[in-house]
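Here we start with a single chain on its own, the form predicted on its own, put down as C-alpha cells.
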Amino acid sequence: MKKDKVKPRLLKGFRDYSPTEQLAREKMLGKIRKVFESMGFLPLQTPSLEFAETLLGSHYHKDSLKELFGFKGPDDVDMALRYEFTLSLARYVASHPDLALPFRRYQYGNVWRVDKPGPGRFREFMQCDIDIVGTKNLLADAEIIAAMVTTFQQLGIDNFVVRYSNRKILNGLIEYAKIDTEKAPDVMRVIDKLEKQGREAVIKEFGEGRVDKSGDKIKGLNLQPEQISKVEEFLDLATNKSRDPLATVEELLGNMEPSQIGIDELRRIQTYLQAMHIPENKIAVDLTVVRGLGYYTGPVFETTLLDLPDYGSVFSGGRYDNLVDRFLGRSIPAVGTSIGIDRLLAALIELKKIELEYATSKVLVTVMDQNRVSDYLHILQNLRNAGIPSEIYSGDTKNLTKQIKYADKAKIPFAVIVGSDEFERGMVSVKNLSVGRERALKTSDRKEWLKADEIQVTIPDKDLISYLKKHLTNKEKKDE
C-alpha cells in the first residue's frame, strides 16, 4: 500500500536553524557564557514545561492564557511551555531553602509565546538570562549593568549604550500628576512606547487615543488635561540632553518620596559603576526607560545598538523584588537581565562582528584506494589526536574530483590526498580549498588558478600535522 507523501512544512511562527546559523549561535553563546562565569554566575537549567499555575499570576493574569502554549498533560495536569525564565527561577529559589544567597545564575534556552508571527518575530526563540537573587544591595544592579557592558565588549560591539532608569521615579510621577494608582501600569506602558512611537503618539494615547499606521484604533487612557500636562513636564526634563537628568527631574519630583528614593538609588549605581571603571560612554541614565513588564520594582535597564537603532533593545531587564512572594509568601529581592539571542546574533552578523562558519571539519581525508582504507583511517586518527577536526570521505563514489567537490561545497578548508605513489614515497598532497575559493572569485582562468602554489602542495607525511596547524592558525588570524 502506497503511503501518502508528507509535505515538508513548518508550523507558523517556527523556524529551522541551518548548521551555519547554529555554529554562529554557539560561538556567540560561548563568549557570553565566558563573561558570565568570569563574574561568578552559575549555570542553571529548568524544565521547558511547568505547571500552568507556576507561569500564571497577578502580573500575568490578563494576557497569560493568550501567551501560553498550555494543555492538559498526563494525570490530568494543567501545564504549559515556559515563555520566559524568571518565573521558573522564582519557583526554583522558593523550592531550595538551603540555597546560598545571593544566588547568581545564568540560563539560556528556548521559550515559547503565542505571539502573532511577523518579520523576525517567532513563537519559539532563544533567550539568555542572568540574575542575582536574594539581595536589595544595589551593588547587584551595578553588577548586572557591568555584565551587560562587558558582554558587548567581548562580542566586539563598539557602538552601544546601556540606558538605565528607576521605576520608583515614575511612581513619584504618578503621585505628582495625581493619576489613579490603578492606571499607573498603563501610564508606564505608554511612556515605554516613546522611543518607538514618538512623543505625539504617546501624548495622544494619554488622552483620547490614536490611530496607528495600520489604521487600528489605539484606545487612550483618558487622563485629564492637567494630568497630561504634568506628564509632559516630566518628559521635557527627562529628554533634556543638556543637563544632568537626575538633577533636573529632582527639581520637579524631589518632593515625591518614591522619586527621591529612585534618584538616590541611581546615583549610588552610578558611583559603583565608576568604581568598576565601566566606560562612561557605554552607560547613560535615561528616565524614559520603563520596561513593559509589570513586575519591575526599581532600577530598569536596556541596551541600544547605536549602529542598528531599528533593532530596539537586545539586552534588557531590571529589579523585581516581589516575584518570589507567590511561592513563599515573603519577599526575596532579585535583579536580572535578558538577551534576545536571535536578535543579537542577527545584529552581530549585520555588523560583521562574527565569522560565519560552514563546517566543523577542517580537513577531509579523501579515499583513492579502497584497499588502503585502514591507512586513510590511520591518517584521520592522527589528525584528530593532534586536535585538528577532520572527517574521512564516507560517500559512495571513488571519484576524487567528486570527493573534492563535496569538500568544496561543504566549505571544508583542506583536503588530504594520498594515492599509491604517495604512500610508497611517504608523501601526502594537501589541497587548500579556502585559497582555491578565494582565487576563483578573482579569476575565471583555470591556468591562472592552477599557478597558485599555495592551492596544492605535496609534502612528507611526517610534516602533515605541522603544515595544517600552521595554515589553520594563519586562516584563523586572517578571519579575525
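What you are looking at is a predicted structure, and each value in this text was computed from that prediction instead of being measured. Residues carry their position along the shown sequence, with the first being 1.
Beyond the structure shown, there is the form predicted together with another copy of the chain, which is absent from this document and is the topic of what follows.
Is G312 near another copy of the chain? Define near as a heavy atom within 4.5 Å, in the predicted bound form. Answer no; every heavy atom of G312 is more than 4.5 Å from another copy of the chain in the predicted bound form.
So in the predicted bound form, does any heavy atom of K431 sit within 4.5 Å of another copy of the chain? K431: no, not in contact with another copy of the chain in the predicted bound form.
Another copy of the chain contact in the predicted bound form: Y295, any heavy atom under 4.5 Å: No, Y295 sits far enough from another copy of the chain in the predicted bound form that none of its heavy atoms falls within 4.5 Å.
Since only the chain is shown here, I'm wondering whether R291 would be in contact with another copy of the chain in the predicted bound form (any heavy atom pair within 4.5 Å). No, R291 stays farther than 4.5 Å from another copy of the chain in the predicted bound form.
Of 218 to 226, 111 to 119, 295 to 303, 343 to 351, which is the one stretch near another copy of the chain in the predicted bound form, taking non-hydrogen atoms within 4.5 angstroms as near? Correct option: 111 to 119.
Another copy of the chain isn't shown here, but in the predicted bound form which of A247, M276, L356, V211 has a heavy atom within 4.5 Å of it? It is M276.
Can you pick out, from L99, L400, L252, L235, the residue that has a heavy atom within 4.5 Å of another copy of the chain in the predicted bound form? The option sitting close enough to the partner is L99.
Quick one: which residues from 20 to 40 get a non-hydrogen atom within 4.5 Å of another copy of the chain in the predicted bound form? Residues within 4.5 Å: Q22, L23, R25, E26, R33, E37, S38, M39, G40.
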